[in-house]
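The chain below stands alone and is given in structure tokens; this is the form predicted on its own.
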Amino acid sequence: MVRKPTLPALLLGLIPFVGMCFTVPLWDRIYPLVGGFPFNIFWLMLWILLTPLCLWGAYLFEKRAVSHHPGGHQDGAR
């Protein structure tokens, strides 16, 4: 049986997607430069670096939900 993901895990997974895709009108500028890069390139590189942190947080929420679920197994084995 497949378990539904927790709401916090879903939200943490959506943060990078929203940050990269739906904020384009806010940062679609060549200037200012940040670290020698145009801001739009800096913004995308920042989200590429932040995405694993968001997904790690989602993993921790899921791991906690499995361990608190009656009969749940952390390794997925039965």
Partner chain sequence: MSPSAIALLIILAIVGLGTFIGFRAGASRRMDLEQWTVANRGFGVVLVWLLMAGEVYTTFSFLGASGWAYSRGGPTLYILAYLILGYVVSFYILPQLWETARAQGLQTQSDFFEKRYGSKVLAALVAAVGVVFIVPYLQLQLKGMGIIVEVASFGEIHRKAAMMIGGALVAGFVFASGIRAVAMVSVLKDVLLLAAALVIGIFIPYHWFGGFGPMFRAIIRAHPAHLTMPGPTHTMGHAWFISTVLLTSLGVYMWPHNFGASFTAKSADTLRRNAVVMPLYSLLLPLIFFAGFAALLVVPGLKDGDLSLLTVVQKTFPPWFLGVVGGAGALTAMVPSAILILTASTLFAKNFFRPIFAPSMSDDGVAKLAKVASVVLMAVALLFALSGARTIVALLLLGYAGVTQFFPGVVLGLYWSRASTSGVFCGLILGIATVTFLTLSGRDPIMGLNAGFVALVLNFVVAISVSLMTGTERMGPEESGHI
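What you see is a predicted model; the values in this text were computed from it and never measured. Numbering follows the first chain given and starts at 1.
Just so you know, the form predicted together with its partner chain exists too; it's not on screen, but the next bit is about it.
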{"query": "Exercise: residue 36 in contact with its partner chain in the model of the complex, heavy atom 4.5 Å", "finding": "yes"}
{"query": "Interface membership of residue 32, its partner chain in the model of the complex, 4.5 Å heavy atom rule", "finding": "no"}
{"query": "Heavy atom contacts to its partner chain in the model of the complex at 4.5 Å, residues of 19 to 33 in sequence order", "finding": "20, 21, 22, 24, 25, 27, 28, 29, 30, 31, 33"}
